[in-house]
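Shown below, as structure tokens, is a lone chain in the form predicted on its own; questions about how it binds or moves come after it.
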Amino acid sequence: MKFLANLLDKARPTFQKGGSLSALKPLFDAIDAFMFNPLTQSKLAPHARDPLDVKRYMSMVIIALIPCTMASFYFFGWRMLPMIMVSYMAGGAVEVAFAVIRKEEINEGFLVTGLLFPLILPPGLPLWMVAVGVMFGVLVGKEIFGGTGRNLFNPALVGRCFLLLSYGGEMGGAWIEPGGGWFGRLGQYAETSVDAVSQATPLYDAAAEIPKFAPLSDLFYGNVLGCAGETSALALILGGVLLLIFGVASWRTVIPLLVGFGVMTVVLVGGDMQLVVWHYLAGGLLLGAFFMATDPVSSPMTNGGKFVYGALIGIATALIRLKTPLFEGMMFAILTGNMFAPIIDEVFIAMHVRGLRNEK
């Protein structure tokens, strides 16, 4: 690593102001900061005592995503590898382009978006759609708002919503039957994949005129049709617990979300607790609860706001899933929560300020 550090030090003047490659300075700084430490250091007080920078924060999320990523490889084969690579390359190109244009640093936040996006897609989706979806998500979901830290909506969900509304047929017919072993069902990388099927996912089957419910054991381990990273409840719970232990995901959002979903589901299914458990394990509820609803940028900042935000998403998910033809509900519920997050914060901040004035 010392050799690489020295190599980067020698190349640095080329990317600084006045150098022949100065336009690519954001890209060079991103590589340097990712592999080593940022060069910018505070010289005067006050100094931040917390060692958790953005790079380490995002690294913890990626570590927590490893269980469901490995599960996606196990059940759907090595086709997941090009999907992840395309997601990083296409979305990263948009990220780099805007950093160069704005002459800003490249933020590490895309490391999570680039991995999360293919995990919320059908595993048989053509690669060009993966590229189009992630580029749209980064561009419209983040960059037009001003970049990282300013986006109102979760970029990965914006990209998925775009694909669902624009290519609904392809999104509904790109499922792959889960296979056994690390090679799973390898799938074909071409658009006419013989392994892509249009069979119904568990939630579609459950909403049919004659409902069919996948076994709880299959939902728990992941042996069902579904988006690549959402099928294994076990893997998602492991990753979610890690996020809560790390303090990256706020329990103030996760717990009210799961409780709100459970209470509303109990009401809507007439108190059938086995069916409630089934709905907890089916679809993208756990993936959304742990990894997307807790996005620190698009969720409320106030502690009280997090409770309301989580409960809103949980209740909305149950209502959409059980009372509309959309079946899943989690994506639209989170995007709705993102829309109301600033308002929720405003209300709690105003209440806090009013309380301080009354104390005086």
Partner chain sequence: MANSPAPIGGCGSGICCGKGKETFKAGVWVTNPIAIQILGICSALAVTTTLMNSLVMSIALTFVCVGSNLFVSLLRDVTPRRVRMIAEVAIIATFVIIFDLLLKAFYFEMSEQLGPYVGLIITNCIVMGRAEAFALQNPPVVSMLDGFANGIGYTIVLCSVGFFRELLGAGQLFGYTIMETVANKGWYPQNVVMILAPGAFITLGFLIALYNYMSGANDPDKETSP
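Numbering follows the first chain given and starts at 1. Since we're looking at a predicted model, the values are computed, not measured.
One more form of this protein, predicted together with the partner chain, exists but is not displayed; see below.
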Should V140 be counted as a contact of the partner chain in the predicted complex, where contact means heavy atoms within 4.5 Å?
yes
Is there a heavy atom of F73 no more than 4.5 Å from a heavy atom of the partner chain in the predicted complex?
no
In the predicted complex, does W78 have a heavy atom within 4.5 Å of the partner chain?
no
Is L268 close enough to the partner chain in the predicted complex to count, meaning some heavy atom within 4.5 Å?
no
225 to 233, 212 to 220, 166 to 174, 276 to 284: which one contacts the partner chain in the predicted complex at 4.5 Å, heavy atom to heavy atom?
166 to 174
Contact residue in the predicted complex, chosen from M85, A93, V241, I144 - any heavy atom within 4.5 Å of the partner chain:
I144
